[in-house]
Ligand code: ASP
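Consider the single chain below, provided in structure tokens and representing the form predicted on its own.
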Amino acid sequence: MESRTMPTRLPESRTTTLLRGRSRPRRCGERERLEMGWAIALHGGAGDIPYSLPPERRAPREAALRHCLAVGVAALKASRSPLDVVELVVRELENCPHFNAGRGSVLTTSGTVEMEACIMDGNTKKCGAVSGLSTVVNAISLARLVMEKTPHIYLAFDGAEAFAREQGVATVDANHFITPENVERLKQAKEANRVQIDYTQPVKEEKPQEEASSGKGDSQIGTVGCVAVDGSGNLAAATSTGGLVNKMVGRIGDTPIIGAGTFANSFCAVSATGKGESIMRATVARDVAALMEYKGLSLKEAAAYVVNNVPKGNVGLVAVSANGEVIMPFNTTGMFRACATEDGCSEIGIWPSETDCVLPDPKRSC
């Protein structure tokens, strides 16, 4: 066989890995594949999340992750398809004002909302994407309708809004999405004269760099995504976002771009979060799948290589493979994330050293 050099890996402290199927207790991160089973991972955004994030800001986000993870696990246990599961979970995340999607979407430089989303089925590679939404309650469901009800993949702005009305999906007045918190966040970003990545604190250039992570967390919301695999190895991915704070009107990020922020095939399903421009340049989601398909790398190896090759502080992702791996790497300060597998292992985490592992059986170690 032709020899190859293994790609550089991320520090283990910034990588969370779960694997399904085992014959003995093991720690999360050990690679052991004995049998198929369902698995799910989701994220609530990556970025410069300050370690000083106060409890009143941290707790509701962790509670939302736990709730959404439970919703996804229940759906998988009920034999719902991975496509149904990721849509369901992302809808729940969109309805939570604590994340940058749906109800919590951030504002453009003009103070408006322009939401985008994407969903993809791994088996068929069918996919749907939308951008520039201002009235649709759940962008991810409209993306699925684009996939299933049109000959196209991507609809945006007025065309997407018109399609939403034709399909009878839930819509509201655009002011519904303009929350006091995001008005204040836009004000902070404008004062700092910057376009704001998820979770990064808005700091004026003349202020010391260390202040960038010392805020109280008033701006701590982020893009959402979910990936899932069932016991037969069927995969799906979904991502939804409001984009960047203070972005130009009409800007489109990585989330709805197939292969950038969202991708699924027969090898893996990936949902990315972070700075969209960096994710698009690196074709993050597709590159993970390509390294598995063409180089024979494991999901952990592929994801580590891809994340390492994006400038530091710009990306995080969640991914599952058809044969059992679950991975949640990031090169930012933190990433709100959660995952669970059929064998009973689940994790909720924010920072590299803050991964909670909970098992239903106290005798089993994760």
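The first residue of the sequence shown is number 1, and the count goes up from there. Since the structure is predicted, the reported quantities are computational estimates derived from the model, not experimental observations.
Form predicted together with the ligand: not shown, discussed below.
Heavy atoms of Lys275 reach within 4.5 Å of the ligand in the model of the complex, making it an interface residue. Taking the partner from the other structure, the ligand in the model of the complex has no heavy atom within 4.5 Å of any heavy atom of Ser271. None of the heavy atoms of Glu94 is located within 4.5 Å of the ligand in the model of the complex. Although the partner is absent here, Gly222 is a contact residue: one of its heavy atoms lies within 4.5 angstroms of the ligand in the model of the complex. Contact with the ligand in the model of the complex, judged by any heavy atom within 4.5 Å, is made by just one of Arg80, His176, Arg251, Lys187: Arg251.
Just one of Gly128, Gly243, Gly72, Gly102 comes within 4.5 Å of the ligand in the model of the complex, counting any heavy atom, and that one is Gly243. Heavy atoms within 4.5 Å of the ligand in the model of the complex belong, among the stretches 144-152, 275-283, 288-296, 159-167, to residues of 275-283.
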